[in-house]
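The chain that follows stands alone, in the form predicted on its own, written as structure tokens.
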Amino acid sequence: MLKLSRLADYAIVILVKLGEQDGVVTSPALAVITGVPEPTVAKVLKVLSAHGFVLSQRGAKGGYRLARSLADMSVASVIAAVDGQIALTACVGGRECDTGLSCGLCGSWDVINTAIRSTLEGISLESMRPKEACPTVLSQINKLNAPHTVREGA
């Protein structure tokens, strides 16, 4: 199964949510908005700042804001900033792997890797913004709003 790291997932969520806010937002506020633990938000923001996705502002009214629009950020660029080069296998891009001699597929994964990377490069964070409420969120809201019944004798 192909799967993003949790930090890459969080980075995309944090950037999208930061893009929905006006002005500068603190790390604790982003933690509340995203549901990601504050130490993790701070760690992700540090990486995103180092790679030019966010700008930090110090002081009493400090926090973070986007360095550029969500439309100018690709999913691939965020993944690469957080996790490093997108590579499906150890031998992608001509790198060596432990089973190169017995496997015989050296270089064959490059086509697939390039297709996935190109697709992710073509998806902006702007396009990741939710168009409507997620079914999971709607389900949780419905549960919270459901009438509560009290059993007799309870």
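Predicted model only: the values in this text are computed from it and were never measured. From 1 onward, residues are counted along the sequence shown.
Omitted from view is the form predicted together with the DNA, to which the following refers.
In the model of the complex, the DNA sits beyond 4.5 Å of every heavy atom of Thr34. At the 4.5 Å threshold, heavy atoms of His51 stay clear of the DNA in the model of the complex, well away from it. Looking at Gly62, you'd find a heavy atom of it within 4.5 angstroms of the DNA in the model of the complex. Residue contact check for Ser27: one or more of its heavy atoms lie within 4.5 Å of the DNA in the model of the complex. Residue in contact with the DNA in the model of the complex (any heavy atom within 4.5 Å), chosen from Gln85, Ser118, Gln57, Ser127: Gln57. Residues are counted as partner-facing when one of their heavy atoms sits within 4.5 Å of the DNA in the model of the complex; in 34 to 55 these are Pro37, Pro39, Thr40, Lys43, Lys46, Ser49, in sequence order.
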